[in-house]
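One chain follows as structure tokens, the form predicted on its own.
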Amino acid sequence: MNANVEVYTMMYGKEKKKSRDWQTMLFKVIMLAPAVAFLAVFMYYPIEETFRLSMTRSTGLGPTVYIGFQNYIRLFQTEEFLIGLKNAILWAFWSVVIQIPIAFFIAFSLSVYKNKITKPLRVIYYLANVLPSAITAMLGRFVFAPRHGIISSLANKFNWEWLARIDFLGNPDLAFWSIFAVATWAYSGFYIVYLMANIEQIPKDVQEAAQLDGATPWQYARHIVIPMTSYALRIVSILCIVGSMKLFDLPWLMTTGGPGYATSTLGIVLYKYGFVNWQYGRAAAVGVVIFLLSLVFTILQFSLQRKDSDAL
């Protein structure tokens, strides 16, 4: 009889455990359902629909015609797309090489050397990031205007006629770098604030120990701050790269992609195909290229981070 009671207890316990597991799973499903539905409707479905549309010839008014990979083939035979792709890759590279070191240097300086003007400087650096892109572009055009711009006026004041004659936004060799300079000023503020937040999370006893050991600011930054903020630096790098792939506002508002295609980007190419030429299929193909490039660079960044953490 005792054996029967033990068997019954074990069976009852198993049934009760299974019941509890089903209740837990049901609770998880109910809690996750809204988020999954939101992602499905506003993220996964648009991505799938963009892939499908990129395989068609569509103007948005008439019927769509399936043409396979013809849109992609024609894209890579188009000069404007190839220049836009090159500019996007160059912009991503120089953003990581120039903008992030500048942002890290300023963030490190403001975090380590604190004084009365530290907080006002934070506001000043971040202010450019708050301004709308249209205002930033207008300021950039005002700075680089060939006759009455700030640079031209200062050049005339100091009798630097060679500098006053330069058309920064009209010269194909200088337009890209002129817009990049404005973007560095406009976008670095966010990187500075983000990196400062991570640098200031480093325990104070670590900084004090480095000072007691006689570490210079460069040694402290190289051997302590950079390794302890490596994840934040990679996040900023990903934001730089993804932002470069879909860049549109500043080049369009300052030069509309000109002169010629000198400052054209993938975002400008997508806009022209979709909203100027009414070629929705080809515009969707450009969007797919932007998505795939951003995905590849993001995966590459995280894979490199995983390798570095495994090496440690």
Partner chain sequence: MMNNNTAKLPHLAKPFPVRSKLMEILTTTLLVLLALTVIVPLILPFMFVFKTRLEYNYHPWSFPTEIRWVNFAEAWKAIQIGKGLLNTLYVCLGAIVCTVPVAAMAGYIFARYRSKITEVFFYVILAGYFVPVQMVLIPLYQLCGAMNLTDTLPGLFLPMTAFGIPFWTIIYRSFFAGLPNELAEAARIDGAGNTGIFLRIMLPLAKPATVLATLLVFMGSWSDYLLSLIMLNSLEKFTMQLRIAQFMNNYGVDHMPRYAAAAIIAAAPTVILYLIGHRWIIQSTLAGALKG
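Positions refer to the first chain, counted from 1. Between two forms, the rigid core is the largest collection of C-alphas that superpose within 1.5 Å. Every value quoted in this text rests on a predicted model; they were computed, and no experiment measured them.
What follows is about the form predicted in complex with its partner chain, which we do not show.
Picking from 73-81, 175-183, 86-94, 195-203 the stretch near its partner chain in the predicted complex, with a 4.5 Å limit on heavy atoms, gives 195-203. In summary, among the residues 215, 228, 166, 238, the only one with a non-hydrogen atom within 4.5 Å of its partner chain in the predicted complex is 215. Residue contact check for residue 187: none of its heavy atoms lie within 4.5 Å of its partner chain in the predicted complex.
Proximity of residue 63 to its partner chain in the predicted complex falls outside the 4.5 Å heavy atom cutoff. At a distance threshold of 4.5 angstroms between non-hydrogen atoms, residue 68 is out of contact with its partner chain in the predicted complex. Its partner chain is not shown here, and in the predicted complex it never comes within 4.5 Å of any heavy atom of residue 260.
Along 148-177, these residues reach a heavy atom to within 4.5 Å of its partner chain in the predicted complex: 148, 149, 150, 153, 154, 157. The Cα shift for residue 223 between the shown form and the other one, taken after rigid core superposition, is smaller than 2 angstroms. After superposition on the rigid core, displacement of the C-alpha of residue 119 between the shown form and the other one amounts to 2 Å or more. The Cα shift for residue 70 between the shown form and the other one, taken after rigid core superposition, is smaller than 2 angstroms.
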